[in-house]
Each structure stands twice: as C-alpha cells, then as structure tokens.
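Next up is one chain by itself, shown in structure tokens, the form predicted on its own.
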Amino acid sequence: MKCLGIESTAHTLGLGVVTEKKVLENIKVSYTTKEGGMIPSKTADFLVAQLPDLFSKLKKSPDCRLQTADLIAFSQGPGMGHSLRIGAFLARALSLKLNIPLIGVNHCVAHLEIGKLVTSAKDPVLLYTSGANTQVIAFEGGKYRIFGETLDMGVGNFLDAFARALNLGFPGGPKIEKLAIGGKYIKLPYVVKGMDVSFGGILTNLKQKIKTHSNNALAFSCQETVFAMLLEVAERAMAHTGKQELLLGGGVACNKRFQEMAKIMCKERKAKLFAPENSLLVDNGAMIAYHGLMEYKKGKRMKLKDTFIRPDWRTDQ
C-alpha cells in the first residue's frame, strides 16, 4: 500500500510517499527570511505559491505518480491555522480527484512514528523539540502520553526569538548553532519545574546581556543551558518509564551539539540514542504519510466532514 503525505503545519510544505517499510520520496520547501520572523499570512502565501513546483518534482519520480497512491494523509494539527488549511484543502481535493481515502494525523506523533521506521528503536522515549512544540513523549498504558513539556514557548521558537534579537533572520536555530562554536559559558537562568521546562525568562535574560557580552558567548551559553534542561527531563522520563531508548525528533534535534549531549547522557545510563537523518527530523511529508498509513491499517477511517484542522491538537489526545 502506498500513501502520499502532506505536511503544512508551519513554514514548511512537504510531500512524501511511503510504503509500510520504505520512504520512496520526501521533498519540501520552507519559508525563510534574512531578518525578522515568520508572519503566518505571508508564510501561507509562500506555501501556496510553491505548490506547482513541488508537485512537478514529485511527478519526476516514477514510483510517486499520484495515480499510484492508495491513500492521502495530511497534518491535521497541531500548527498554524493559515498553514494547516493549505494542506487540508489539498488533501481533500486530491482525495476527491483520485477517489481514494484520506486521513488526518497528529503531527507530533508522526515525528515519533517515522523515527521508529528508519531506526531500530522499539519502545523509546521521544524528546520532541521543534518550533512550537517541546515535549517528552512515550507510549505507556496503551496510549501516547506527555511526560514533560514547555510551559511557555517551544524551544525552536525560543531560538528563533533570540536570533531575531541578534538580527540573524529566520529560522534562527541553525544560525545560533554556527554562532555558538568556540564560545565561553555565561551563567543563565536554568528553569526546570518538575518534568517541565520554561524558556521565557531565559530569553529575557539573554536580551539583557546583548550589550555586555559577545554574541558568540551568548549563543554558546544559550545552547548549553537549554539543551541540558531538555535532557534532564528526558532522562527523568526514561527513569520513570524504565525505557532504555531515547529517540530525537523535531528540527531542533538537527543541532550537532544537542545530539552530542544526548549521546553522553544515554551512554552514562547505558541506554541507546536514536536520531533520524536531518530530512526526517525537520517537518516533512514522509512522516505524515507513514503515520497515516499505520493509522489506516489499524482501522482508522475519516469522512470528508471530519477533516477540519485542529491547531491545538495535543499529542495525548
């Protein structure tokens, strides 16, 4: 069975084609800026404008012709309403045109499922770190549960906001990573509350230090602090659940220093770390396609009237 997945939760429009065991295609375009951040309406306009070129690229692959698809999956939520509507509309149109079923999936769970497909992880704790989402997730007691999360903003949005303060543009995470190389540590607030984390106060503190410290030192200290916070709560979730696998997901997990710190933590616990390749860590259509395919094979079905977007759809729902 072959599924076409459509990802459009934020600044990325992705198309992916998968079978039960393999990713056949995974292409995307992403909205960026040289300065400032992401404005939802402008982001949506960009994604719509990119649709023709993206489908042209998809058609060049003989295994990915639309007529060969058995199922359409799309990211139903969570995400930005402006962007989610584009993917949902496209999925409905293709479903009607091709006369094949469609299914909406949870974007957060899709990150976990694609990670399990392309790695040897069996029953991991997922440390999911993206723009709007920061969660520690695991399958426990028959459902996906959130063991810890951000209390204010996602770690990716936090990095983007800090990058804007430094006039680095969007997305800010990769630019902060480069800027941090060789930096010296400056003490910052460390905000872990039980199993949850908070970034708002750290962002304010960083902004206050811009005039008195180098950007290099601030970027380095920013990464060291927030990544340690995230790995502390992830390790606590592993201890609580007894799981010995940590799976990274989300665009922030592309950061090499983050992966290095996660590897050290897992080695000390005699646990295993799994991190998919970058194209499957960031938002992408393949993860939506695979999760949709798994849900469909387990019996989930959707009527057209049920394919409304769910911007606030939580992982544990």
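Source: prediction; values computed, not measured. One-based numbering along the sequence shown.
Separately, the form predicted in complex with adenosine monophosphate (AMP) exists; it is not shown, and the next lines address it.
- Contact with adenosine monophosphate (AMP), judged by heavy atoms within 4.5 Å in the model of the complex, is confined among 278 to 286, 53 to 61, 40 to 48, 260 to 268 to 278 to 286.
- When you look in the model of the complex, the only residue of Pro189, Gly200, Pro101, Pro174 with a non-hydrogen atom within 4.5 Å of adenosine monophosphate (AMP) is Pro174.
- With the partner omitted from this view, the residue of Ala69, Ile27, Leu273, Cys254 that lies near adenosine monophosphate (AMP) in the model of the complex is Cys254 [heavy atom within 4.5 Å].
- Contact between Gly156 and adenosine monophosphate (AMP) in the model of the complex is found at the 4.5 Å heavy atom cutoff.
- In the model of the complex, adenosine monophosphate (AMP) lies farther than 4.5 Å from every heavy atom of Gln76.
- Though the partner is left out of this view, Thr134 does not reach within 4.5 Å of adenosine monophosphate (AMP) in the model of the complex, counting heavy atoms only.
- Adenosine monophosphate (AMP) in the model of the complex comes within 4.5 Å of no heavy atom belonging to Ser83.
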